[in-house]
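Shown next as structure tokens: one chain only, the form predicted alone.
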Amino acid sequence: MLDPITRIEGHLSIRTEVENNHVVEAYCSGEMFRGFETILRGRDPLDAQQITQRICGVCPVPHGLASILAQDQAYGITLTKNGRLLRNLISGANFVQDHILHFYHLSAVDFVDVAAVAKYNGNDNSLNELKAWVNSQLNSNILFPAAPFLPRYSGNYIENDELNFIALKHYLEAMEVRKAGTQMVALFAGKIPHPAGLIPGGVSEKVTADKIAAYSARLKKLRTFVDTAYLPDVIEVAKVYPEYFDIGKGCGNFLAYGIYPESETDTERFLPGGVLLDNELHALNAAQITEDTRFSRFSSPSGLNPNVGQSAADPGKQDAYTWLKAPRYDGHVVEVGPLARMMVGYHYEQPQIKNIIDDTLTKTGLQPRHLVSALGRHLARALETKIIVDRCAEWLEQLVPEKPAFVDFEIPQNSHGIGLWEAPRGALGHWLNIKDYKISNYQCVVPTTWNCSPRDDQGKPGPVEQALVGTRIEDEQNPIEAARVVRSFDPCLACAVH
């Protein structure tokens, strides 16, 4: 039992059944109920993007964007060029700092031996300098044992002193880099978290030369860190743990809605959407999305499309073991997230994605199949970060200072809209229905609802549950191997139990 799973957002419990040191069954349990979809019913539609951002302090930007996309559709809005670009730049900065957060502050310490700094008593001048710098940043002469690095599972941590020291240095530097990323969001979205500047029709902040320059200066810091620290560190960790390219594979099916419109009519997205089933690519059809509830603590009927979805809580439901529903695409279990976006883009032969994946695989001696794994998710996330941070520089150059970033609109008496977007953790959808100028129904299907879903009505386990099966556990009292697999998905339970 991994309860609670630490270094994730929210409350997640994982129950595993282990035989002969291998996981044979796994169950993901989201342990809270929050009721945002019920809260939204009867509200003014313009409340939606503000309320849904409060689903999560880590993920407010994608929730706000998904909500205003649903409203754009419901109100018949076409964005201005500046409005589209600002949304891309806000989301891009949020993605980059979030991916850096996941690797360094949530996952890297599953591999890096943070105790190495305190233990090191060698004569290597460069390592002693690194040790002194790290201790100075922590204002302490004793790094270990100390929070946030304890408690931790015992296990096979990296033994290379230099790699441990460098990774820990980057752990600390990543905090300043993430700070720059959140400032970039606030420049164009008003504030962070829960930016008020995300509105239907565009973005409420004005485009000025000063803001462009301020964003550009911070973007350079992010690009340098991604190129010189993040990508190299992920590859170095991968070299030490090649076995993690063979575990945590999951269901092998992938879904992405796509993100970053390249035109005001949103007919093409920089990271494309699609569904990869049994290695065959299909165009996305949102009508094929349903949610099963057999093992969920909801009395709502199974198999409903979110457009007509219901969220009636039933905490005492027999056989239910989680507050997450079980989203499925045409009945298939699918994984969402950076790996899904990279796999879909690779099969579409989107140049930026295909080229960087092929180049990285060639340099590391890996095959495309290795991406579908626990470490493959980390590598896919790092490659996506590189793709997005470079693209932000191009979008920034296309902004036109003082030109409008929003358009006026009227709320219709009755309408509906779907906002399909991508959060850093995967495919995010908001379904909005308006009746008599009020929200009559609102449903969210979030990335971790897909990934940490329970068994569906046919008994098929969700992606994380499947990824855990087969994982070798050396010591059942220290199941670090299972924790590494779960954290490779970057779960956000605050969102999933919305």
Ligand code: NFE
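Nothing here was measured: the structure is a model prediction, and the numbers come from that model. Residue indices: 1-based, along the sequence shown.
Absent from the display: the form predicted in complex with the ligand. The rest refers to it.
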Please determine, with the chain shown alone, which of 41-49, 440-448, 23-31, 460-468 has non-hydrogen atoms within 4.5 Å of the ligand in the predicted complex. 440-448
Does each of Leu86, Leu89 and Cys392 have at least one heavy atom within 4.5 Å of the ligand in the predicted complex? no
Distance check, Pro424 to the ligand in the predicted complex, heavy atom within 4.5 Å: yes
So in the predicted complex, is the ligand close enough to Val58 to count as touching (4.5 Å, heavy atoms)? yes
In the predicted complex, does Ile259 have a heavy atom within 4.5 Å of the ligand? no
How about Leu428 - does it come within 4.5 Å of the ligand in the predicted complex, if we only consider non-hydrogen atoms? yes
